[in-house]
Structure formats: structure tokens, C-alpha cells
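Consider the single chain below, provided in C-alpha cells and representing the form predicted on its own.
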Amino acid sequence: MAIPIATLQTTAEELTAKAAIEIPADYLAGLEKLADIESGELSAFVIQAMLENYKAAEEDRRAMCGDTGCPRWYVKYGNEARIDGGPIALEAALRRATAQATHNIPLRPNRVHPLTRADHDNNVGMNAPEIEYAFHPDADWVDLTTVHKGGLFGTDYRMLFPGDGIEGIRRFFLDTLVAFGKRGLACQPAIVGIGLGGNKDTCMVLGKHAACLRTVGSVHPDPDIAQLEVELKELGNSIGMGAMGFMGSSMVVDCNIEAGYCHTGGMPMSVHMFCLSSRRATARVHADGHVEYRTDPEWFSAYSRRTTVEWDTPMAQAAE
């Protein structure tokens, strides 16, 4: 049974509204926890103001932040899923949904031509919105996730070397957070995503995925990575910075790390801060057209993090 393209477009439009207006429950809980322990007066004031703003946005059905970022899409295909019109029709539906939502919510039309600065007034253009894909075995559904990520700052990259070790990771992490806070290059508190390993391009992608597609409180299944996540979160909140760069202790709502095998001679690392308004929403569209909405993208799985050559579900899951 093919999933109707009209269902996918309607779902995408609804997701865009949810991401712009409704703060994810996991991020809200993490921010409220920081609000209870924030020591800086101005930082505590900013966090409280944002919590009140989130409530007002949902009550008024307006975007929670004036800068609604750059809408992007993450599509996870079940291996047995079929879409009416195929992936070309799906991409067209996601572009139409982005344009419709820009006018209907409304979203700020942030996308322009890099040279002429031409603006279509709908957040659609060359390679915009971005659409990334993942796949899942033994499933006939399609997951649609939209993330409205800021497109200016809050991201950095460094090629470390094996000899730098954990100390080098800590140093780059601190350098980045201090620079972001002092120069106003990120809106914190935020979920910090770190990409470790891979090549330069995959390292950047892994870090952005860690920031935007992992939930607050999630734990990486690799115990060494999970331990480093906890350590870096505590480290980030110990540098004397709080909300929006004011003095405080609430720089990091959570720290998520995603890793990839890399060249033996290097250790790429990227650092990404999501946003004080963590805009994401997900829906699973089943083969019969039934739609389930949620805020956890569930982007990462034993399958996506597999280290095996061949994927045999029962044995591979046990190994993971």
C-alpha cells in the first residue's frame, strides 16, 4: 500500500507549525531544571522570561521566536515503505509544505541567494530546504522530522590528532563555548551536539544531528561516549556563563555526542549549539495513512550506529 502524497504534505505542514510553536517536552523539562539551580541573576531572569514566552506562544499559536531559523527535513524510510509518486513526489511535497508554512504560521523568510540576495519569500530555493535521509529495516512507515535550526553561528570544527586525546577534546569544547558566549554567537542554554570522527563533512553532520535529533536525557549506548557526554555537560556549566552569555551556570541543557570511525591519523571534532528555542517535531506516517506525532525524532538506532558488515537483526541487536 502506497502512502498518499497528500497525507505526507499535510503532515509536513502540521509538523512545521508544531516545531515553530511548541517547545519539545524533553527540552522544556531540561530548561526548567536549569531554572531551579541557576545562580546568576540576569541569567535566571532570561530563562524565566523564555519559559513564559513558550507558554504565550502555545496559547496564541504564534512562533516562539521571531527568528524562526532555517527549516530543514530529516526523512527516515522504512525498508518496505512505499510512497505514492516516490521520493521525487515526497521532496516536492516537503518544499510545498515549507513554502505554505512560511506564509501561514508565519515563519520569517530567511533564505536568500548567496550573491544576489534574491528572496523568494518562502524559505525555498537552491538546496533549500535541506532534506536528509536515513533508513530502517523491517518497517513500512516513513518518519518526517523538521528542525528549524539557526543558520548563522553556533558551530565550529577542529581537526584534532590522536595524541590530543580527551584533553584535546575538552580544550576545544571549552574554547568553543567561551567564544560563543562572549561573542554572542549562540542562544544558550542550549543542547550542545558534538561530532567525533568521520571525515570533515561527516563530522559536521554528526555534530548537528547530535544537537538537533537527540533528546535531552538520552544516553549514547557506547559507555565511553556516554561518560564523556556527562563530563562535558558538567564542564560546560562550570565556566561561569549562563543564559545568553550572562554570568551564571546554565550554558548547557544537555551534551550529546555522535561518533564515526575516522582516519587512523586524525580525530575530527565539531561542536554545535542548537538554540534556546529548540525547534523540532516528528511524525510517523504508516502505510495505511495513519499519522502519529511526537517530539523525539528517534533518528539514532542500533541499525544506524551499527558496526557490523552485514545486518542480521536479532544477532546484530544483541551485539550492539
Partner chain sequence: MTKTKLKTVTLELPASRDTLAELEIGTVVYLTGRIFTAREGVYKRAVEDGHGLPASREQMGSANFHCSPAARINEDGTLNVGAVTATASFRFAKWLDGWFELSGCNVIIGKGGMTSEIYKKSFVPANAIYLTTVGYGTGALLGRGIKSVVDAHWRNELGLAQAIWVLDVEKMGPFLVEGDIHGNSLFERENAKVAAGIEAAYEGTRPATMQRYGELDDKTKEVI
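Treat the numbers as computed from the prediction; the structure is a model and nothing was measured. Numbering follows the first chain given and starts at 1.
One more form of this protein, predicted in complex with its partner chain, exists but is not displayed; see below.
**Student:** Residue 241: heavy atom within 4.5 Å of its partner chain in the model of the complex?
**Tutor:** Output for residue 241 is yes: heavy atoms within 4.5 Å of its partner chain.
**Student:** Is residue 218 one of the residues lying within 4.5 Å of its partner chain in the model of the complex, judged by heavy atom distances?
**Tutor:** Because no heavy atom of residue 218 falls inside 4.5 Å of its partner chain in the model of the complex, the answer is no.
**Student:** Is there a heavy atom of residue 113 lying 4.5 Å or less from a heavy atom of its partner chain in the model of the complex?
**Tutor:** Although its partner chain is absent here, residue 113 would stay clear of it in the model of the complex, with no heavy atoms inside 4.5 Å.
**Student:** Is residue 199 close to its partner chain in the model of the complex, meaning a heavy atom pair under 4.5 Å apart or at it?
**Tutor:** Result no; residue 199 lies far from its partner chain in the model of the complex.
**Student:** Look at the candidate spot formed by 168, 171 and 179 and say whether its partner chain comes within 4.5 Å of a heavy atom in all three of them in the model of the complex.
**Tutor:** So, yes: the whole triplet contacts its partner chain.
**Student:** So which of 201 to 209, 81 to 89, 231 to 239, 135 to 143 is the stretch with heavy atoms within 4.5 Å of its partner chain in the model of the complex?
**Tutor:** The contacting stretch is 231 to 239.
**Student:** 259, 267, 28, 57: which sits within 4.5 Å of its partner chain in the model of the complex by any heavy atom?
**Tutor:** After the contact test, the surviving option is 57.
**Student:** Between 152 to 180 and its partner chain in the model of the complex, list the residues on our side with a heavy atom within 4.5 Å.
**Tutor:** 152, 153, 156, 157, 158, 160, 161, 163, 164, 167, 168, 170, 171, 172, 174, 175, 178, 179 sit within 4.5 Å of the partner.
**Student:** Comparing against this form, do residue 201 and residue 183 have their CA atoms pulled together or pushed apart in the model of the complex? The difference is 3 Å or more.
**Tutor:** Farther, not closer.
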